[in-house]
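Only one chain is shown below, in structure tokens, and it's the form predicted alone.
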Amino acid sequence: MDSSFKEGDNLLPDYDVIIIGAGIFGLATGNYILEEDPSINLLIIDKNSGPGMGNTAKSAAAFRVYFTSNTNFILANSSIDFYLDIQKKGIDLDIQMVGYLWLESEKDYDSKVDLLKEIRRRGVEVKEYNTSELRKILNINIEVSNTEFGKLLGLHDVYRGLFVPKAGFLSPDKLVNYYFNNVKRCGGQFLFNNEVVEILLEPPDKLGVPGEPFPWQDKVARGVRLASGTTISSNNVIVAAGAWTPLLLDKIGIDAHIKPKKRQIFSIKAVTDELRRLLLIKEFNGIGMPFTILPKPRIYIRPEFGEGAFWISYSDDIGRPFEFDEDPIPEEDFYINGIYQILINYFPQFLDLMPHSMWAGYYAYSTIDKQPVIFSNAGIIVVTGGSGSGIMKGDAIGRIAAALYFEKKYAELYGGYRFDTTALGFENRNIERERFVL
């Protein structure tokens, strides 16, 4: 039987599990539920025409183990090790271990001395580069604070470079296809081009009286309603809808404490000799330019070797509303007025160059601590809050959500980590706020 359905096909009258969202969180969760028990009737529903076509597809698809939070370190390190392992076994994810290069001002570097000790204590390698080395390798302007534009923009001089080798990027499409194919192989079914508009609730013990559920009755999930009006029943609904999550949960009074924030990526072609040299520098990793983060404001430059380009972005917060548009439009003015003038002060190689392409998506921001959110309520498991680092934690998140579905106290993460399945919920939440959000 084809495991992908369209409206009008015969669906089972009910499912053991319905997952809303075929992004990285939904696919990884479905994968590990079926890996544990292939007999489970599982359906993944997505409004798009295929898997991973929401914000997963709009991601920079980068990963790192350099976090202030030990929780985020565990989630990312476990997931990255898993991705590296399956690639070694022949599943090509197009992983590029280019590393992350954080360019720090003297003030910011001094403030991170104790944090760097903690990060290194976790086993994370951090190499330090001085200004003369950075200038020679990157051909970067180190002293920018006293230039005309530097003073106007409040720029910081580069004091030190912190290079983290265990970092890079991968192909989101290939990672999505890995989990998608696993779910299909285990008998999981998919319903694409269909939007879930409502999670259906019923009392666990129905009275058989018209009008149920009444306000005083307990309520649990009993299925979903599609935009077409079709209802599909299940006693277990998993919401892994990313930035769309509040649109479903707010209707039924469940707060996931996440909000959508628009994020934009601008692609600049390496059309000059200077930019081509920058793209292909080998000194840090033997491959090319590392994923590079400027001093505040934390504009990042992500090399794209196959495209011969640089993906450039900046996560503006104050002044950027929490709002949601089904099809967010990138703003060229944001690049010109929010990124370009700063970028060319550090890297004059980008002078007079504008984006050849751009796109926008959403971070599902966890407003409490920028950490993922996984909890169960009324037969609904919520898996969200990637806060811009969903792909790099996706495997661990899927394992935790699956373990929560099976009511396990601990999830067994790749690499031997045991993770409390309630730790990312709210009743027992006691984790550090993440400070390194790009």
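It should be emphasised that the depicted structure is a prediction, and the values quoted were computed from it without experimental measurement. Sequential numbering from 1, following the sequence displayed.
What comes next is about the form predicted in complex with a further copy of the same chain, which is not displayed.
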### Check all three, V209, D255 and G319, heavy atom within 4.5 Å of a further copy of the same chain in the predicted bound form
yes
### Summary
Within 4.5 Å of a further copy of the same chain in the predicted bound form by heavy atoms, the stretch out of 340-348, 180-188, 300-308, 276-284 is 340-348
### The unique member of Y314, Y159, F192, Y129 whose heavy atoms fall within 4.5 Å of a further copy of the same chain in the predicted bound form
Y314
### Message
To verify the annotation, which of these, S357, N146, T367, T230, has a non-hydrogen atom within 4.5 Å of a further copy of the same chain in the predicted bound form?
### Response
T367
### Message
At 4.5 Å between heavy atoms, is P215 in contact with a further copy of the same chain in the predicted bound form?
### Response
yes
#### Entry: Partner proximity in the predicted bound form: K88 to a further copy of the same chain, non-hydrogen atom cutoff 4.5 Å
no
### Task
Find out whether any non-hydrogen atom of F334 is located within 4.5 angstroms of a further copy of the same chain in the predicted bound form, and reply yes or no.
yes
### Query
Do D250 and a further copy of the same chain come within 4.5 Å of each other in the predicted bound form, heavy atoms counted?
yes
### Task
Give, in sequence order, every residue of 140-156 that has a heavy atom within 4.5 Å of a further copy of the same chain in the predicted bound form, or say none if there are no such residues.
L152, L153
